[in-house]
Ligand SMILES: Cc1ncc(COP(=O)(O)O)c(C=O)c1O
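The chain below stands alone, shown as structure tokens; this is the form predicted on its own.
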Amino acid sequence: MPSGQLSPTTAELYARHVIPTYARFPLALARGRGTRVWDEEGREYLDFTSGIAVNALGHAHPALRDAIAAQAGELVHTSNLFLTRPQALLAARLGKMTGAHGKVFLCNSGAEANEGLYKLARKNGTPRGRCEIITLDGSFHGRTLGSIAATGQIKVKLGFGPPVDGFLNVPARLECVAQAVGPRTAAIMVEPIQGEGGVRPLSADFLRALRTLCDEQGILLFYDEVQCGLGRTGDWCGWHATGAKDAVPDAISWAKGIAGGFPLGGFWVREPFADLLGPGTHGTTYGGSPLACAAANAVFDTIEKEDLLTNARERGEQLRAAVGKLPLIREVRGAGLLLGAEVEDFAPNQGEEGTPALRLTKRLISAGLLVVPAGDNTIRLLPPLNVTAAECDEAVEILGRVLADCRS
């Protein structure tokens, strides 16, 4: 940089060099600790996004930091041509969480985990002419071409046709799903709690009925628990939060909070389907690295040691009760610390654009609280699993103050 010339701001660097796939908020974050983050100007924010349900232990947790540092000093990457103990231990741990017999494949992201499920469905169904997967309207399964075909939201599909064949999106009603099942159907795939679609839990009766339907038709049942799984709802299994513990799926996809912010994803497949994807049928270069798995094991060790599943349930109930009493709040949905607060429409300020959820999110950022929009009228509250009661009270106070201003 020539003497006397100012270096470009972070926003300027983004504008020049980063492909604009996100409508980012004009907020450059510099550091975080626990449930707090600070921007480059030093302003503090209460972070109820957790990196979109990723930072299960918040920011800079010492257990995660130390585990990553220790493993980085031993073995970072080997490829999956070899065995490593952190991966084996993590796979065993994840399988135990499901409460059923099966095996795990580890990858890098939620979309990649879901791609593995699509291949599993076809591997199982193709010999019988079955290659189609039924998903639900309002669902979100990722950004790959296969996953946008699976996703039940038109907005993610626009401009990327023709769609990948083999996916059928239907309304989240049993009669619609049952009517869609045909001779080409290989699997039904659902989020037990839809996240991007507005935090909408499926009912226990619906999940049980899907399990029965799949058994009767000889097809597979998949749960996309990328957002709702692994502790976010106050249980290891997101579908348990719906009350349908007995509606065990044939496969589950995970990511987001699995390694507390370190990129990792995975999917579990129950017996007798766990060996369908044999040698040469699926793979990943980076997935399940010793470093990623050490991070995940540290996250789960901490959740167990600090009883954070209980904390997620208790803090979730605290937030649900308090937020439900605030002005302009129509409904609070979800479970544990995956909560969606639906708001009434309100008048925009001069020059303000966007949906009510987006306008509210921007006003909350200005007030020092970070949240995530989910649809036109819903904001998500996704604090880390170790959020405190006092921090929840603080978030409710900020939200209530901003909503009161919205109503005035």
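Throughout, we count residues from 1 along the sequence that is shown. Note that the structure is predicted; figures quoted are calculated from it, not measured.
There is another form of the same protein, the form predicted in complex with the ligand; it is not shown, and what comes next is about it.
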With the ligand left out of view, which of 181, 168, 111, 213 would have a heavy atom within 4.5 Å of it in the model of the complex?
111
Taking 4.5 Å between heavy atoms as the contact cutoff, choose which of 196, 132, 314, 235 touches the ligand in the model of the complex.
196
Considering only heavy atoms, tell me if residue 140 and the ligand come within 4.5 Å of each other in the model of the complex.
yes
Although the partner isn't part of this model, could you tell me whether residue 226 comes within 4.5 Å of the ligand in the model of the complex, counting any heavy atom of the residue?
yes
Counting any heavy atom within 4.5 Å as contact, can you tell me which stretch out of 67 to 75, 89 to 97, 111 to 119, 278 to 286 lines the ligand in the model of the complex?
111 to 119
Of 294 to 314, which residues get within 4.5 Å of the ligand in the model of the complex if you count heavy atoms?
none
